[in-house]
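Shown next as structure tokens: one chain only, the form predicted on its own.
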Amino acid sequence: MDMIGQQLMNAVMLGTMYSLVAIGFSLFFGTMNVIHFSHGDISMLGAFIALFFVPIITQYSVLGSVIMFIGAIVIVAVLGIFLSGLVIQPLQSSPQLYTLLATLEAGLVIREAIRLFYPGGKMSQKFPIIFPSGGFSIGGLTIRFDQLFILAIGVAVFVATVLIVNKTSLGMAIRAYSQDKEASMMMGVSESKVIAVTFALGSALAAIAGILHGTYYREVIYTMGLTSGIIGFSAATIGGLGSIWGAIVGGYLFAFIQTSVSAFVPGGSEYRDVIAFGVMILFLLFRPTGILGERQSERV
């Protein structure tokens, strides 16, 4: 039971990070019908931008950690807006394949820029400890303080995202645009503003996921965006592309499958990704709209 509890805690940590990335994919697809394949690399970029604030953390400790967290998120959100203007908006009237290829290439540019221009970018980078160290035990289950902070931040961000999308005027504009692009624009919704806000919000979520990844594993590497992007997209697909709650469910489900395989299948740590992605294929075959996705019909 202690091992099951420990693996469940590991799944919750991974699921929180996966879900943050998956929500971004669902926002982009639900709003603009775009698969943003450089989204995982945006998450990695958030972690590396956070490293620039290490001197502040060294000098001011708690305040420095807060500045690092907020500063990296804001910078990545602004870069997300820049990316939308550079890659997405010019291709709005082009075939979707062009947008897909453009986002793939944007991700490659981000990865190679970190590898080539960040000092020691080819190697793993040690990530600073920004949460209290230590922890406590409940029976045989060990819970670290940083795990509690990661979970609390994740839940707070989930709730904030849902409130922004469902309860604010910006969120109303995003939902109107996603339901009927032409009608919403006729009612005064700015297409460029909707796209910019969506990319800022999605990129900020990715940055949070990257920072939490660094705090949990205590290191980051320039290739981590590839893995987080593929898993985030898979989680969003399992949950139902376009659904925020579906992305959250998909993220935790994907993490639970991975940790269960690692814990209970002999040699499972080597096959956890294979089995997890195999489950995703089954979902695509038998539930192509995802767990919380809605079936759509086309009027003829």
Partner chain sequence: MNKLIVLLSETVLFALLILFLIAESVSITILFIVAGFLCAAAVLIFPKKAERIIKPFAKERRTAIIFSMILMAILPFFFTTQPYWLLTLSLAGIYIMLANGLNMQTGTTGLTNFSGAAFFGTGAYTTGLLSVHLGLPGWLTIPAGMFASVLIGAILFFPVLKVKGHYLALVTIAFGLMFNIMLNNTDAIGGPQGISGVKAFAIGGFDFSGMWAIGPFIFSSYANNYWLTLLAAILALAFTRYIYNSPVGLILNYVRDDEWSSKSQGLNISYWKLIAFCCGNALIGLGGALYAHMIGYVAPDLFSFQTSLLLLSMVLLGGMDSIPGVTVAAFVMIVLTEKLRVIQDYRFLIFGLLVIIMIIFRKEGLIPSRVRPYFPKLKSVLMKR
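Residue numbers count along the first chain shown, from 1. Just so it is clear, the model here is predicted, and its values are computed rather than measured.
Below, we turn to the form predicted together with its partner chain, even though it does not appear here.
Contact annotation: its partner chain lies within 4.5 Å of heavy atoms from the stretch 230-238 in the model of the complex, the single such stretch among 243-251, 48-56, 230-238, 64-72. Only one of the listed residues (Ala200, Leu151, Leu91, Val162) places a non-hydrogen atom within 4.5 angstroms of its partner chain in the model of the complex, and that residue is Leu91. A heavy atom within 4.5 Å of its partner chain in the model of the complex is found for exactly one of Val78, Val155, Leu97, Ile138: Leu97. A residue is said to contact a partner when one of its heavy atoms sits within 4.5 Å of a partner heavy atom; Val87 meets this definition for its partner chain in the model of the complex. The closest heavy atom approach of Met280 to its partner chain in the model of the complex falls within 4.5 Å.
Although the partner is absent from this view, Leu104 contacts its partner chain in the model of the complex, with a non-hydrogen atom inside 4.5 angstroms. Although the partner is absent here, Ala196 sits far enough away that none of its heavy atoms falls within 4.5 Å of its partner chain in the model of the complex.
Residues of 256-280 lying near its partner chain in the model of the complex, listed in sequence order, are Glu270, Tyr271, Asp273, Val274, Phe277, Gly278, Met280, the criterion being any heavy atom within 4.5 Å.
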